[in-house]
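The chain below stands alone and is given in structure tokens; this is the form predicted on its own.
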């Protein structure tokens, strides 16, 4: 016997990280078989149906979904009590009115003076908060995604008029003043400055530099659209200038998702006017991959290129079939697709290299497919897959059951704000499948998850583990090519 409870609470809101934690707590309650506590976005409603729950007829993106399947009424009551306690209103701050914390960025800036304001709110509200910060004289890092591009352009134009810097929207990674922001790694100070129109691209280069014993002055994430035709490198120019003005920066690396060709050419011309040399890591056909670009940067610095660590997994008997990629990082997915497409042909994706290669990210499809689970479409109303691995775990099992799947490649990104122990969830799932699994493990030596421990756990489960995403993609493609 099982009992179910499904409801949509109109107008109730909690942030996605809180809801992920609530879902986990409820799911671990004795007698609970399945649970989902999430905002009623289209993606989460689809996930609800995939878990076998009936969709509430009035569920919308501003409603809170609560779905629980339990073994009996007592277990259901216990689970609902856990939900109620977890979602209870936060206690009010004590003290007098004068002691209450600031409620806006501008009021905080009046107390502390202008600084860097980090904006992490639902995308539809980010413009208002970021403009408030700019009005207060603050530089801005916008962690939020799903921000309209016209709002991004307006924010960056206002920042330029005022001599300020906007990092983002969708700026997932930055290192400023030795402090990591967003999805950040524990890295040492050093001579390299990083400008990144890419979060996981920056993380890959930061971690490769760390493996080579090289630190950074700063890593400035400008948002994944900054080198698009619409945004035209507005923040990239400002960030390049800021690093060029820093006497500690000996070399700048510019990393980006595939940029608009005309914008990339304009940025290259602008970089020629700077005193600090600029090394390019622009993902695309015919361009150096992130590992090769990092090796070129090390060469300019006179630093020997190390052997990038990797851990071989269980021997894989090549079998005929397709390559399936399950990525948390969009740039890592882009890089893997560029490498694999050169050897295997078209790669279907929700962030395709060519428009005609687009596929539905929620279905397996046919042929070679790589999905970016961190894309805005799949993160609306739910945590980023670097935090919540549930969608990828489900897809890993589904792809492994598909007889057309030959090799699965995925990324695991460590660092602050990421999942505290991703291998603990992934290793059992990898061990349970009978196809080859290749992992690109992006992490620095001092990251809290312990790079070597994560690698050992994934390897013990049978995965082939690489710290270079490019090497992982090439190995995965080689396994496909070796199939009879």
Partner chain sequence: MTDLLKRDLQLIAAGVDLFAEAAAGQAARVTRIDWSPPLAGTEADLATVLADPRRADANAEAVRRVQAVRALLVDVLPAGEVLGLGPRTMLHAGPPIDWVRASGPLRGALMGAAAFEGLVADPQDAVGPLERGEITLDPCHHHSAVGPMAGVITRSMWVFVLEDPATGRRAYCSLNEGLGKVLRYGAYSDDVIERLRWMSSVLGPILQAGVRRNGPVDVTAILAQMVQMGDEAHNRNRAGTLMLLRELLPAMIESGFPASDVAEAARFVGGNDHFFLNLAMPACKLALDAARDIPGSTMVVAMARNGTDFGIQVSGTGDAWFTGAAQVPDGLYLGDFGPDDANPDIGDSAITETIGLGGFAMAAAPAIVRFVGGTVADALANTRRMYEITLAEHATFAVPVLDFRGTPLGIDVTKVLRTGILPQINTGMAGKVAGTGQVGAGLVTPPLDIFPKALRALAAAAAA
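Rigid core here is just the name for the largest C-alpha set that superposes within 1.5 Å across the two forms. Source: prediction; values computed, not measured. Positions refer to the first chain, counted from 1.
This next part talks about the form predicted in complex with the partner chain, which is not shown.
- None of 402, 295, 377, 132 but one reaches within 4.5 angstroms of the partner chain in the predicted complex through a heavy atom, and that residue is 132.
- Of the listed positions (147, 323, 267, 243), a single one reaches within 4.5 angstroms of the partner chain by any non-hydrogen atom in the predicted complex, namely 243.
- The closest non-hydrogen atom of residue 162 lies within 4.5 Å of the partner chain in the predicted complex.
- Taking non-hydrogen atoms only, residue 127 approaches the partner chain to within 4.5 angstroms in the predicted complex.
- Although the partner is absent here, residue 289 lies well away from the partner chain in the predicted complex, with no heavy atom inside 4.5 Å.
- Within this chain, residue 339 is remote from the site of the partner chain in the predicted complex, having no heavy atom within 4.5 Å.
- No residue in the set 208, 444 and 471 has a non-hydrogen atom no more than 4.5 Å from the partner chain in the predicted complex.
- Only one segment in the set 275 to 283, 392 to 400, 163 to 171, 307 to 315 has any non-hydrogen atom within 4.5 angstroms of the partner chain in the predicted complex, and it is 163 to 171.
- Applying a 4.5 Å heavy atom cutoff to the partner chain in the predicted complex picks out 105, 106, 107, 108, 109, 110, 112, 114, 115, 116, 117, 118, 119, 120, 121, 122, 124, 125, 127, 128, 129, 131 from 105 to 131, in order along the sequence.
- Residue 427 is not among the residues whose C-alpha shifts by 2 Å or more between the shown form and the other one once the rigid core is aligned; its shift stays under 2 Å.
- The Cα shift for residue 9 between the shown form and the other one, taken after rigid core superposition, is 2 angstroms or larger.
- With a cut-off of 2 Å and the rigid core superposed, residue 418 has a Cα displacement that falls short of the cut-off between the shown form and the other one.
- In the predicted complex, the Cα positions of residue 128 and residue 59 lie at least 3 Å nearer to each other than in the form displayed.
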